[in-house]
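For reference, the chain that follows is the form predicted alone, supplied as structure tokens.
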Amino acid sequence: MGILSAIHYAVALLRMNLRAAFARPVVALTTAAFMFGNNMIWYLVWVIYFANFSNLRGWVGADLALLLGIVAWAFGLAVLLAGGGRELAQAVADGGLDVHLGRPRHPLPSLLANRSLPSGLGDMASAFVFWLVFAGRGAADLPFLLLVATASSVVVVATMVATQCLAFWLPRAATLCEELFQQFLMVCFYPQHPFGFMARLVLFTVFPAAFVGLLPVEAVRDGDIAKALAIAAGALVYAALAAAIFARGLRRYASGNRLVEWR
């Protein structure tokens, strides 16, 4: 009963915030269209690259399109359903967490679903173009692609939360938190297979971009279920880690002159 109640609560939050995000549909769809165009322009850079070089350490244009599609879906889904996570640091700084702490549920889902970014639709739409047009994948590949890309989205949200939580320990760190997350995204969108062992170790641990970019591409290219399961396991681990960091930081959260502690 408790699990069903939590699911209903999460669905209600998402429905409410999606409705607010698309209250002005023309503005929302224009924002999504601009993001779609931005992704196409970014891919054009790689088209020019592969027109001059046959491959990038074994990767060809189709592999790069596969990567961009997976990351675009992962990021788009993250900001569409959990865009409030990008405002966590600011909420810590200005006392905005009070609203979520006052609700009869864990504050993190409420905070994540507090904002929905329509631009995420543009990212998600561009993913299908990358996969079906530029990567040469077929409709039969979509279930597996959506599975690994959605698992990658959980890693994106977890990293968003973890970086934003630095604000609990570093006052006025909202800008730093956002810059760290942007650096994470930049690495996700860049081919990671040429990196050496130490760099890959970092990308599979403290800066988990490999679970968003490299590993999903390899799983799809090879049709490797084991790698897909590794992505899903990584998503669960990083989600639990992000929740633990948030709970730890919340003990330090101060609203005005009062110490607000959530257990």
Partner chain sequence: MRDADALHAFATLGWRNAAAQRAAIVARGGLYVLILVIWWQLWQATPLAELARSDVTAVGLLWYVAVTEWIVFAAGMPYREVEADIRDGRIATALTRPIPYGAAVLAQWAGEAAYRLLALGAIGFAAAFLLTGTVPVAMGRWPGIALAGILGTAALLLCQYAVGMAAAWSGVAAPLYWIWQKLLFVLGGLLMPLTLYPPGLRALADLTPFAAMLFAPASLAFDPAAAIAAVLAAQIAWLAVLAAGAALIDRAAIVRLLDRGG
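Numbering follows the first chain given and starts at 1. These numbers come from a predicted model, not from an experiment.
The form predicted in complex with the partner chain exists for this protein as well; it is not shown, and the discussion that follows is about that form.
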{"item": "Contact test in the predicted complex: T205 vs the partner chain, heavy atoms, 4.5 Å", "value": "no"}
{"item": "The partner chain contact in the predicted complex: L56, any heavy atom under 4.5 Å", "value": "yes"}
{"item": "4.5 Å heavy atom contact, I48 to the partner chain in the predicted complex", "value": "yes"}
{"item": "Distance check, E179 to the partner chain in the predicted complex, heavy atom within 4.5 Å", "value": "yes"}
{"item": "In the predicted complex, segment of 192-200, 208-216, 221-229, 66-74 with a heavy atom within 4.5 Å of the partner chain", "value": "192-200"}
{"item": "Neighbours of the partner chain in the predicted complex among 13-46 [non-hydrogen atom within 4.5 angstroms]", "value": "F34, N38, I41, W42, L44, V45, W46"}
